[in-house]
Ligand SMILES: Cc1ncc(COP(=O)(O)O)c(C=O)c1O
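Just one chain is shown here, as structure tokens, and it is the form predicted alone.
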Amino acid sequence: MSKTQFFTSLKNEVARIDEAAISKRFEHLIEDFNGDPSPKAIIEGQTISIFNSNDYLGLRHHQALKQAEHDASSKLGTGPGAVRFISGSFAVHRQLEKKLAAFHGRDDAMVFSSAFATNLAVIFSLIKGQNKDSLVSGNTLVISDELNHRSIIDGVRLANLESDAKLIFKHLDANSLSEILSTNSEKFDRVVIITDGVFSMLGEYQDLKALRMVVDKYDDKFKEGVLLIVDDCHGVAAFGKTGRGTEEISGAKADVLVGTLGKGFGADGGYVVADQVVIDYLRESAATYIYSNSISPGTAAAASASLDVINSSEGQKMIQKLANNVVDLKNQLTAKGFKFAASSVHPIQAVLIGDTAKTRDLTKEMYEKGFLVTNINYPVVPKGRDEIRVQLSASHTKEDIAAFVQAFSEIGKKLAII
């Protein structure tokens, strides 16, 4: 058959990925959680402490979220039934969007099926070039941080811009961004700058105040100005005194902010917040919003309940506990002789190992001791910068962290890492 050779090519590519030890299809299957105050996963009958989850506040197990999801599903059904503009919009969706807008101090918000879908649609819609069916046209320059997330990269690719209209500024370097804007001053109608808020490999965050100063400096050098889009999926509900993320930490705002409900908020789905005119335009142009189902009514209700919790005194205690857990882990691992791949105050703590085989062995042996962690290896990180990405949660107790550090240290000594 003619497709046999194609299937052979696919098989060879899978073999190449397996040989490079970067396979992602061999997941651990979580069967249940126990009822501890710090819930542990049940995997193949074994109790496992999760130290690689994005559930930064532990809200996915919060009773208020589970009850809200249950009540909404019982009343409205398990799915939306259609895309939003047909019959898939529920009052609970708009209630959630209004809460998200208020949470971030913006005019309005839109909820998508995922944060990846949000980035694809928002970026493409705001940077697309000449389109005979759209009044939004003209030549756009896009400038991205060199370590941006794959969803940002793909969003830019979708716009199919010319190569000289897609430029990269050095990671976390506002001066590099300024140089690019200066060089391209008045060559384009508009500029769109895109960056992650928190970079997930190392837990580093972008200094939005520094970027904001550059954006404002060059805004009048272009016919339609300079727009700053920030993807803060790892920042919101995980970072900052009140959980407002990188904007709160940096003391500056993006023009368009993308977030997720599937990490710190403990639910699922993505969202964008911005000025009303931007949201109105995106509702008419964002393909993954218009032509794809939204999150279920139950998930929307759970996310709405999450916002209520975070805004309460209980939520503030969770945020503070998460920050305390970060300090505790760093202090204990440093005392044991471990080094970190970056100086991060985020719940993502990348422990530098520097050896591919040792990171894999450490991950395997930690699992055998009842801890789930993730090893990050080349080519995801540079050669010699192999790491174990530890992710903390407010649900972790002091006992959880102490037990983790003890096991991590024992294996680290065995593998001659420390």
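Everything quoted here is computed from the prediction, not taken from an experiment. Counting begins at 1, following the sequence as shown.
Absent from the display: the form predicted in complex with the named molecule. The rest refers to it.
*Asks:* Quick one: in the model of the complex, does every one of Lys358, Glu387 and Ile417 get a heavy atom within 4.5 Å of the named molecule?
*Replies:* No, the candidate spot makes no contact with the named molecule.
*Asks:* Within 4.5 Å of the named molecule in the model of the complex, heavy atoms considered, which of Ser306, Thr299, Asn119, Thr246?
*Replies:* Of the candidates Ser306, Thr299, Asn119, Thr246, Asn119 is the one lying within 4.5 Å of the named molecule in the model of the complex.
*Asks:* Could you spot which one of Gly266, Pro347, Gly269, Gly155 gets a heavy atom to within 4.5 Å of the named molecule in the model of the complex?
*Replies:* Spelling it out, the residue with a heavy atom inside the cut-off is Gly269.
*Asks:* In the model of the complex, does Ser151 come within 4.5 Å of the named molecule, counting heavy atoms only?
*Replies:* Flag for Ser151 set to yes.
*Asks:* Wondering, does Thr288 line up within 4.5 Å of the named molecule in the model of the complex on heavy atoms?
*Replies:* No, Thr288 is distant from the partner.
*Asks:* Leu96 versus the named molecule, in the model of the complex: is there a non-hydrogen atom within 4.5 Å?
*Replies:* No, Leu96 is distant from the partner.
*Asks:* With the partner left out here, check for me: in the model of the complex, does some heavy atom of Thr260 sit within 4.5 Å of the named molecule?
*Replies:* Thr260 belongs to the contact set for the named molecule.
*Asks:* Counting any heavy atom within 4.5 Å as contact, can you tell me which stretch out of 103-111, 84-92, 232-240, 208-216 lines the named molecule in the model of the complex?
*Replies:* The contacting stretch is 232-240.
*Asks:* Which residues from 69-96 come close to the named molecule in the model of the complex, meaning a heavy atom within 4.5 Å?
*Replies:* The stretch 69-96, when checked against the named molecule in the model of the complex, contributes no residue at the 4.5 Å heavy-atom cut-off.
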